[in-house]
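Okay, here we've got a single chain as structure tokens, the form predicted alone, with questions on binding and movement later.
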Amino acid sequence: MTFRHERLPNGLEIVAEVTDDALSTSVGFFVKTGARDETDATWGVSHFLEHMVFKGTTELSADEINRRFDWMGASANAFTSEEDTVYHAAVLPAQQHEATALLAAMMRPALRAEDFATEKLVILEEIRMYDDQPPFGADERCRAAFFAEHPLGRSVLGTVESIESLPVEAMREYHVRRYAPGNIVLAATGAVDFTALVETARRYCGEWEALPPSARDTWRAGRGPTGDVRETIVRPAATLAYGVRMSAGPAGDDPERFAAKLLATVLGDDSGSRLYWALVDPGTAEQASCHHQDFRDAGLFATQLACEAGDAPALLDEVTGIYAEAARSGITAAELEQARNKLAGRVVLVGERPRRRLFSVGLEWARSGRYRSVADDLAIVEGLSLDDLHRVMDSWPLHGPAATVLAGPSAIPETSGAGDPQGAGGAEPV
């Protein structure tokens, strides 16, 4: 694999991880904007704009965009998160220019008022559907409770009220400001002709107007609540209870984040973890897992639980008890080795697929301006030690203060408080 980088005069960055013997090419535009870049008046605009990008340009209709992707045999899609909006396509190498040119054209959508009005109804329906399906918005309610007033607590979808009141003029202004070339990274992985990629970018993106850097919010997110915060959501149609618990963890700019992901694998991986053997394998819970998530300046451990409604309080106490026992007794060498094997395997599997590597390469560059190869990621995983995991548990106790939201068929009582009396507080590849 070879890493390449170029920057156009208008600020658009182009990066590629070139694998000569790959059989496919993945390309994507990574826009450095998301829910945390919105205000109360524009809440939900990043995700709404992602939909509008597929509604066409002044030269291309929505149907024409779909037909061109179909003609290429492309697998194309997009997503919006708290910090990024990404448009991507995986194609055969011969289609690299066509896919890049089409995605580039889409970055300058028409944003027609009639399309805006129609798509607004789609967004509102999506919000209502999300609220009606398990876990009934528990994840987003918990994130809001964890981050309190910080923009990271915003739902990516927005709310019914914020979307209904959003005017098309606000979206157009947001697009000009946030989709400036200096705020976008064009990334590609797999069988990439980098010289041709840069030429395509010059041709279709080179005339984009350069704007001063769009400063992201300077409000650094904190470490979450200083005491336990608990909320409940009642959905009479629910058959199970769904619990989400968030406690503080290392941020995306903290070297300890790698050990945090390994620790989450030991404690709460989907299989073979302490939560799995204690709750899922014996059939006590449908799901019990923990993962670490990091943002630019914040991080958290998220525990997810699904079980019979009447069991939820006791099982949440059991989860915090498992975390407290790990903090007291430590992680074993066997657990460390198993978790390292899991993460190393996932890193390699992701590395073998250009489409998956696109997100690793593009997101890392958009967030930090750094490139890490598969070998770099493997070296990080192999270099983690028991001391690293124990230091994370000391600094970021999972049994410590947390935000918890329970959603179920009826009001669920508070936890019994039988967790650790000394409490202070599916894994992903690194």
Partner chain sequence: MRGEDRYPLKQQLFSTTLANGIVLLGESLPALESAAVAFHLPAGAVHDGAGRCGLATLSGEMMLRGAGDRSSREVIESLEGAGVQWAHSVSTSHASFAGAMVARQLVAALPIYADIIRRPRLPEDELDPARQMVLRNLAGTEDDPAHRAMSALRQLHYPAPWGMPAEGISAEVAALGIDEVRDYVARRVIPRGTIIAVAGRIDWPLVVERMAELFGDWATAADAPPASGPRGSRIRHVHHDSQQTHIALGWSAPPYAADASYEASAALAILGGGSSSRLFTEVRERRGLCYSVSAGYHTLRDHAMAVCYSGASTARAQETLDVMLAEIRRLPGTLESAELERVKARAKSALVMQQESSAARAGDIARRWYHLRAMRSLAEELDRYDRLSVDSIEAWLADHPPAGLTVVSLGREPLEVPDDIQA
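Every value quoted in this text rests on a predicted model; they were computed, and no experiment measured them. Numbering follows the first chain given and starts at 1.
From this point on, the text means the form predicted in complex with the partner chain, which you will not see here.
(message) To test your reading of this chain, name the stretch in 386-394, 33-41, 59-67, 362-370 whose heavy atoms come within 4.5 Å of the partner chain in the predicted complex.
(response) Result of the contact check: 59-67.
(request) Quick one: from Pro212, Gly227, Pro255, Pro282, grab the residue that has a heavy atom within 4.5 Å of the partner chain in the predicted complex. (result) That would be Pro282.
(request) Heavy atom within 4.5 Å of the partner chain in the predicted complex: which of Ser165, Thr159, Ser81, Gln338 fits that? Just give me the one. (result) Partner contact (heavy atom, 4.5 Å) among the options: Gln338.
(request) Tell me whether Leu152, Ala170 and Arg223, taken together, all sit within 4.5 Å of the partner chain in the predicted complex, counting heavy atoms only. (result) Spot residues vs the partner chain: no contact at all.
(message) How about Arg112 - does it come within 4.5 Å of the partner chain in the predicted complex, if we only consider non-hydrogen atoms?
(response) Arg112: no, not in contact with the partner chain in the predicted complex.
(message) Contact with the partner chain in the predicted complex for Ala333, defined as at least one heavy atom pair within 4.5 Å: yes or no?
(response) Ala333: no, not in contact with the partner chain in the predicted complex.
(request) Mark Phe147 yes when one of its heavy atoms lies within 4.5 Å of a heavy atom of the partner chain in the predicted complex, and no otherwise. (result) Outside the cut-off, so no.
(message) Although the partner isn't part of this model, could you tell me whether Glu119 comes within 4.5 Å of the partner chain in the predicted complex, counting any heavy atom of the residue?
(response) The answer is yes: Glu119 has a heavy atom within 4.5 Å of the partner chain.
(request) For the heavy atom contacts within 4.5 Å of the partner chain in the predicted complex, list the residues of 10-26 involved, in sequence order. (result) The stretch 10-26, when checked against the partner chain in the predicted complex, contributes Val18, Asp20, Asp21, Ala22, Leu23, Ser24 at the 4.5 Å heavy-atom cut-off.
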